[in-house]
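Next comes just one chain, in structure tokens: the form predicted alone.
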């Protein structure tokens, strides 16, 4: 990444990009469909955001439809088939770039990606918003990074806090091993679980494996799965042989969170700020969020990205108006912080201030956001790869040779990628 700032959201100097497109020559009506990204599904919140846009651009009128993740894809696909796709859609690269963009349904947003935008927005986010030919189908607004967490009370009692950096929330692989062993030796035998009953929370187990020795889940072009690297095999062999770490085929991510919060597990690999907000008051110990351990102490976290795409409905006036809306929501000095806060996530670039300065929890977790690594969830065959992942972990947990299980996963995932 260009900037490895620990609190990237607090630097001075606001970056504002001029509108790439002006669509006020004539009145135009456009539609925005939004998936439930934080409060972007709350009508009162969104209407407040759009009111500011209408004030600044009175000749562009925006109407909104709210989607959910149960029926939203069906609604969009039905609209596409009927020639009634929305002008703007708010979601992530998996849909905007890998799905509808790959089908040639989306407008090219490259003119929004000015040199200033490319310099400001995190590299991992920029890479995820374009296809392999460098065509941008998404302009991003917000992001989050997933973490792990430890039971600080247990770690302190086991004298294991010495192996992590509480200020930067990082640790090395070597110190992770020492910390787990210390907690295990203190009498808490269930330190952590590589959960694998299904795909729930699988971003945590992938981040754990990939970070331990610097492995990658896919190649840089996001066209091939690369789990069968020496680094990833070494990481899985390490976990399979550690005291205190089990491969548990009876639980998924949500179950692991419950076991962590009730004190059964000393650490959780399926964690983020939302879990902290939902569970901290009900736990009897101090939760310490941590980045995943890495060999050099410089982790690359998994996360989510959300932003805007524009369907190419053949009307250049509406496309231009949609781009004006996006530019205002994501780049306007006064509007952009409010747009991001409505998502309940973090900006994809420095906005010149800590937008959550009155929220201690969000400020605490902001340290992880600039550490988000490669956003590989846009690789072909993703759904099949997710299933193959937890099947592979189950095999390792039942005693299958790690290299054999990894090679089977890689073959299955890559076969799906080329279909």
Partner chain sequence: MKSNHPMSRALARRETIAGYAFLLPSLIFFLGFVIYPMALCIVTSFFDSTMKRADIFVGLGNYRELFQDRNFLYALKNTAVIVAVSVPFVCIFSLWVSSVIYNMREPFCSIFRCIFYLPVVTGSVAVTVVWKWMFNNYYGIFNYAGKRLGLLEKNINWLGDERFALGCIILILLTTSVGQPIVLYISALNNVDQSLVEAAEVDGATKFQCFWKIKWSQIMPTTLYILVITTINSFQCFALIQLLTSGGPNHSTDTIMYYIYHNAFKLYRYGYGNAMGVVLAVIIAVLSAVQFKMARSD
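The structure presented is a predicted model; accordingly, all values stated were derived computationally and were not measured. Residue numbers count along the first chain shown, from 1.
Below, we refer to the form predicted together with the partner chain, which is not included among the displayed structures.
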Can you work out which of 343, 172, 144, 99 has a heavy atom no more than 4.5 Å from the partner chain in the predicted complex? 99
Work out which of 230, 166, 316, 81 lies within 4.5 Å of the partner chain in the predicted complex, going by heavy atoms. 81
Given the stretches 149 to 157, 273 to 281, 246 to 254, 343 to 351, which is the single one in contact with the partner chain in the predicted complex, using a heavy atom cutoff of 4.5 Å? 246 to 254
The partner chain contact in the predicted complex: residue 288, any heavy atom under 4.5 Å: no
So, residue 408 and the partner chain: in the predicted complex, are they within 4.5 Å at any heavy atom pair? yes
Do residue 207 and the partner chain share at least one heavy atom pair within 4.5 Å in the predicted complex? no
Examine residue 44 and determine whether its closest non-hydrogen atom to the partner chain in the predicted complex is within 4.5 angstroms. no
For this chain shown on its own, do 190, 264 and 395 all sit within 4.5 Å of the partner chain in the predicted complex, going by heavy atoms? yes
Who in 373 to 402 is close to the partner chain in the predicted complex, meaning a heavy atom within 4.5 Å? 383, 384, 387, 390, 391, 394, 395, 398
